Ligand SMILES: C[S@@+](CC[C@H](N)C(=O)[O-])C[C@H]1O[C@@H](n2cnc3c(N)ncnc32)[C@H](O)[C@@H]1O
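Form predicted on its own, single chain, as structure tokens, below.
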């Protein structure tokens, strides 16, 4: 059972303010020509706009409840998505595609290099030669940790977050609560240098590492947005 099952109906209002990445991923999907695979598709925050643009999306998620919400959201938008329950380390996809995306820091659910390399290796195998893997992650700065450590903060009206940061283990234990629903999940972060090393170990070439979705250069802040390529030969 996924930790997201408990908040599937809460997820969209919880993430309502997260819109800055949609245009970026849409641009990348258009550039690829499709079809694409989205790892951690969730409720379709990215996939539905891509589908509405005519892009064929294969969406993978471990949470059945999130996929049920995604299917409803797609139906309301008149969009058809290919939704599949599965683990990001072993995605149930036999197709080969020009683009795989993993938005909204979903790779932080992988806690060991073994798991991270499993995802990266599986992704590499899904791509056609020259295909690209696009994802975003973060590593917190001291100010963010100080502002949020062990405090209940209202993220959206009636929806609260509680963050416990462990800088030595580089983990974030995040509790989300709203109405009578809630869940707790653990995320683990790496430095950009470590992500670069893992991507290269998995056989990728680094095309770009941005600091934000406006494609501005990475300048040492929290967020990194990666474009990695499977070599053409």
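Positions refer to the first chain, counted from 1. Note that this is a predicted model, so its numbers are computed, not measured.
Beyond the structure shown, there is the form predicted in complex with the named molecule, which is absent from this document and is the topic of what follows.
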query: The named molecule contact in the predicted complex: residue 87, any heavy atom under 4.5 Å; finding: yes
query: Contact of residue 104 with the named molecule in the predicted complex (heavy atom, 4.5 Å); finding: yes
query: Contact of residue 59 with the named molecule in the predicted complex (heavy atom, 4.5 Å); finding: no
query: The named molecule contact in the predicted complex: residue 36, any heavy atom under 4.5 Å; finding: no
query: The named molecule in the predicted complex: contacting segment from 137-145, 108-116, 154-162, 123-131, heavy atom within 4.5 Å; finding: 108-116
query: Contact set, 36-51 vs the named molecule in the predicted complex - heavy atom within 4.5 angstroms; finding: 38, 40, 41, 42, 45, 46
